[in-house]
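Consider the single chain below, provided in structure tokens and representing the form predicted alone.
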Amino acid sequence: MNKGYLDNLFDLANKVVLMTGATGQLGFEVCKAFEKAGSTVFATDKAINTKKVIDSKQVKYFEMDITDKASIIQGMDRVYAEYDHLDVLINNAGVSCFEPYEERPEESFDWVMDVNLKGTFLCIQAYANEIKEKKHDGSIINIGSIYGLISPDFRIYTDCKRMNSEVYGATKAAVIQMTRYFAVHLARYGIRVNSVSPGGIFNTESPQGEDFVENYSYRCPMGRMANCEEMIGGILYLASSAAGYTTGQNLVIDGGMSCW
């Protein structure tokens, strides 16, 4: 087998990556994967969770608030002060709220909209403006969700108070659509824009209820929830030259859940 062929096709060594939501459950695993692949990762979060920090010179942590345009621009400037290119932007930061929809306060709704939708837009806007000036190719990977495609089955939340919200699904559907929009508008600048929509990921640190896990697994064709590592391959593919003609796509990694 010619390992060199695959190494070249999926080569991510010396890539520069900016990651939002870097110290969350998925963000931590993605940063670790890019570091192992030889990339330099600028790992950002509104507040750095020190329990989710990778001890490596290739991973550089700093705080960045994606709901604040000035904070994003400062973050981009920090990257370009060290490198003349930013190869990959991963819009991973996201939040949700869990009150019953009948009791949803306006502040919760606005918070999810600001982070998931406006924050993603502001990061794309800042990155596009930088690339137009610096004139290099780039890749944007937005993290969507299967709940941007299907509605949660409320019947499975028997022992889990973290019932998925209408505003979370609405923002993730918007992120998927925004992926298509910017794929069209940014292609002329050499920027590919894609999204990855994970299915339900089992939380090893704060596990979902046993009944919920069993119910979700029964609803999923593959019979189980996902783990974070199973999202990595799709993200690395979209960041690599193997996906050089791939843009405007939403890669669904959900064990078949959205096939029903």
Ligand SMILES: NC(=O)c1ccc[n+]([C@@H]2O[C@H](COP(=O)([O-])OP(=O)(O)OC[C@H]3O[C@@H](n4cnc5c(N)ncnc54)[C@H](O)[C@@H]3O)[C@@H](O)[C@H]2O)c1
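Each residue number is its position in the shown sequence, starting from 1. As the structure is a computational prediction, the values presented were derived from the model and not from experiment.
Although not depicted, the form predicted together with this ligand is the subject of the following passage.
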Next on the checklist: By the heavy atom within 4.5 Å rule, which residue out of Val59, Cys220, Ala37, Ile201 makes contact with this ligand in the model of the complex?
Outcome noted: Ile201
Checklist entry - Though this ligand is not shown, can you say which of Met76, Ala183, Leu149, Val115 has a heavy atom within 4.5 Å of it in the model of the complex? => result Val115
Checklist entry - Wondering, does Ala33 line up within 4.5 Å of this ligand in the model of the complex on heavy atoms? => result no
Next on the checklist: in the model of the complex, does Thr23 come within 4.5 Å of this ligand, counting heavy atoms only?
Outcome noted: yes
Item to check | Heavy atom of Met64 within 4.5 Å of this ligand in the model of the complex | outcome: yes
Next on the checklist: How about Thr179 - does it come within 4.5 Å of this ligand in the model of the complex, if we only consider non-hydrogen atoms?
Outcome noted: no
Checklist entry - Just one of 77 to 85, 99 to 107, 183 to 191, 138 to 146 has heavy atoms within 4.5 Å of this ligand in the model of the complex; which? => result 138 to 146
Checklist outcome for this item: Within 166 to 189, the residues having any heavy atom within 4.5 Å of this ligand in the model of the complex are Tyr168, Lys172
